[in-house]
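The chain below stands alone, shown as structure tokens; this is the form predicted on its own.
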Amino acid sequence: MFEGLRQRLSQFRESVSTKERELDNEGIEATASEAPPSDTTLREPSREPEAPKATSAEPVQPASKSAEELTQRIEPNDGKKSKSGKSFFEREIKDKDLEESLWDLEIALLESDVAVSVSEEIIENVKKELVGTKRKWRQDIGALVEQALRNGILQVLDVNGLDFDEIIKNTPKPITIVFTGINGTGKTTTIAKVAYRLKNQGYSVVLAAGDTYRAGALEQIERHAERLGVKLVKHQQGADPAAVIYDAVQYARAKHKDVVLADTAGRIHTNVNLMNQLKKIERVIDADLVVFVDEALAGNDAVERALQFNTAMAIDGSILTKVDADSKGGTAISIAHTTSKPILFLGIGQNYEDIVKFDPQWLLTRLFDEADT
């Protein structure tokens, strides 16, 4: 999961570390000539007899000093400074030091399906974290770079979120949740997963078969309702989806049910009639939550579709499916930032229990701390 993006982030960390080590070696050699004399040079001259002078056949060669030897010679011990007033043993990370690595990172983010605006903001966040940071020569800055990456990604994921479980707990019942999205992204299966999760938490659930257009849609949601042991409200194929969902809400009120999960027909954002239908559902139902469902594999297409659906029927959050098959990870980073709406859940498999509540730290752990097993 997210293996591709994890490798790209690791490559950036190593790239910056390598560049800084190269600059260290250059700085050590340049600064060695300015370094104060070592303690040994201040000792009283030895009274032992002088060594014989070298003959012309055996000229004395000056001892060459490696970067490591020079480092030992000017090892920090008392904060001495060079003639220029700068510390011998400390250097500042500069903007120009990061240019090449940041450019490579931006390309890597774009290739990992991170939206352009999001990748630019991550780059700017990382630059702010690193430029101007002072560090000791020879200090391993891998951890410093990784923390900058973590913070940069976390900032783009930090949207005005909502807690799904808190809403279910505190909103007057019945709560109506409408699911939207395009065909083939796993929307109906996602509804069944959410129903399974809610039922395990002790809530009573009603499903509304609002996808009255797709052939086989009714049979699919009926099978889920039977397996889960929940009530399904349905009309005949071709019926008005708003009427179906309305009836499901009325049933839930009469029977004192907790949550109505309403399916809708999959549609592409360019289908004007079906998008207008969503607006009608919004007027008739006044849903408590509107959730956009798309697959992580769609990359930037999913981000663009979320923006379009949000225009037609303001969404409150998103659910990404097929995350277990996504090696890139860019959609999970981009969709929340571009819509300013949180990701609620991630689908990570085909079973009912294969749904996890989204947490930015969960994503960061998989990008930096864990390898897929």
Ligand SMILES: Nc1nc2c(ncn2[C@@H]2O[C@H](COP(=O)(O)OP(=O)(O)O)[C@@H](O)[C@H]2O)c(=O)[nH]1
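Start at 1 with the first residue shown and count on from there. Computed from a predicted structure; not experimentally measured.
One more form of this protein, predicted together with this ligand, exists but is not displayed; see below.
Checked against this ligand in the predicted bound form, the residues G132, G184, G229, G238 give one hit for a heavy atom within 4.5 Å, which is G184.
This chain is displayed alone, yet in the predicted bound form one of Q220, Q250, S117, Q155 has a heavy atom within 4.5 Å of this ligand; that residue is Q220. For a residue to qualify, one of its non-hydrogen atoms must sit within 4.5 Å of this ligand in the predicted bound form; all three of K193, T321 and G347 qualify. In the predicted bound form, this ligand stays beyond 4.5 Å of every heavy atom belonging to S112. Mapping the unseen interface onto this chain, T189 counts among the residues with a heavy atom inside 4.5 Å of this ligand in the predicted bound form.
Considering this ligand in the predicted bound form, the lone stretch of 229 to 237, 275 to 283, 254 to 262, 176 to 184 in range is 176 to 184 [heavy atom distance within 4.5 Å].
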